[in-house]
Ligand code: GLA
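Next up: a single chain in structure tokens, the form predicted on its own.
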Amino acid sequence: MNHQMILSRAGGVLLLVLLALPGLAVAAAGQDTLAQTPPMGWNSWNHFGDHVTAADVRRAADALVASGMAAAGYRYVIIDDGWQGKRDANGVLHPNASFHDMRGLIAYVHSKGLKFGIYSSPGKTTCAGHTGSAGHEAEDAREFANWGVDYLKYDLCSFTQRLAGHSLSEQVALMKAAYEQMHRALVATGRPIVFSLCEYGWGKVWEWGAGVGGNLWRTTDDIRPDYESMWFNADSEQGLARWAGPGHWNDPDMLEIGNRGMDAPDMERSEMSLWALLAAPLIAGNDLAKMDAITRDVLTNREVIAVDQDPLGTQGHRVAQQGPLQLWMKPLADGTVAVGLFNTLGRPLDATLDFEALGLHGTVAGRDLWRRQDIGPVTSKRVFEVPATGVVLLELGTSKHR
């Protein structure tokens, strides 16, 4: 994918023009063969921050397999910020002492049948102040490919300093150019590498993320391990469904399931249900080696995962709300519909389904996905008890489970 970037100044205003050359369409099409369903895996940041070590990553890979998460579809083991060391005289970025044998670590992850992800930034430094890829995009992409990297999270961070003083349209042009530059470098390596854009929804990234090679893009600020943050990020996905689908996904950020503050079972099931209905990437962020049986069960419920990974690739949305009760739905490839009844109140509530909002009529077959059991015929008069800060997640219609 070749482009020519022209930068000029006129009246103190930065003008940025990207002239596409013939290779553009071919490279973009090739990128679309990746991430045909939302990526699933684990990322080090939410639990370890930038103090992560190679030993932590090995334990995470071991736990993905031992817990059944790998068998359930979690594939990517992703080191976030904190692995970087310094560049040598040739511009090659070396890992720090905690990752002295990056090739060996990646080979170990691959030996488990898993894929490996890494982190960088288009800025000079990363969020935690480590070395970024600015000015060394081609060298870093080649090094990542040589190591065997399968996924790159590319975080805007210090690049925002370059945006100061420019209009919003100029800022968006600069961001697009930075992400496209790394995308071209990744394509040039010849290795398929999922490209995750992390720039917090700035400049309506959902409108242009796929055009610069993104397979997924963050639509919100960083998630925190609390119920309110979870809902803020989920609510921020409303109206974005048209930009999601096979090869390119809206990303409300990593899962906080199992982390202190989001380790109550009903909250965990609510987050997993929301992310599944949103066709969001399922990237766990807890300490996999120490999670309890309830958290493991939430993360490995295959019927809920199937909603997220449904091949139709449609992002769900909220269709009705009555006070603290919210009704969400997502159409599935087999003609059924996934339905989430959420209760944001701190005490249980009874709720019925709004069949008109769901586009349903009469009587339909039902299955409770968290209980993993058929619940018989369902009508608009059926009453469900929704737990405090919890969810009832259903599949309605002629189910593939029957």
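Throughout, we count residues from 1 along the sequence that is shown. Keep in mind that what you see is a predicted model, and the values were worked out from it rather than measured.
We do not show the form predicted in complex with the named molecule, though everything after this point is about it.
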property	result
Partner-proximal stretch of 92 to 100, 120 to 128, 159 to 167, 176 to 184 relative to the named molecule in the model of the complex, 4.5 angstroms, heavy atom	120 to 128
4.5 angstroms heavy atom contact with the named molecule in the model of the complex for residue 342	no
Close approach of residue 308 to the named molecule in the model of the complex, 4.5 Å, heavy atom	no
is_contact(residue 292, the named molecule) in the model of the complex, heavy atom dist at most 4.5 Å	no
Partner proximity in the model of the complex: residue 207 to the named molecule, non-hydrogen atom cutoff 4.5 Å	no
One residue of 216, 277, 254, 77 in contact with the named molecule, assessed in the model of the complex (non-hydrogen atom, 4.5 angstroms)	254
Single option in 243, 147, 227, 200 placed near the named molecule in the model of the complex, where near means a heavy atom within 4.5 Å	200
Interface residues of 134 to 157 toward the named molecule, as seen in the model of the complex [heavy atoms, 4.5 Å]	153, 155
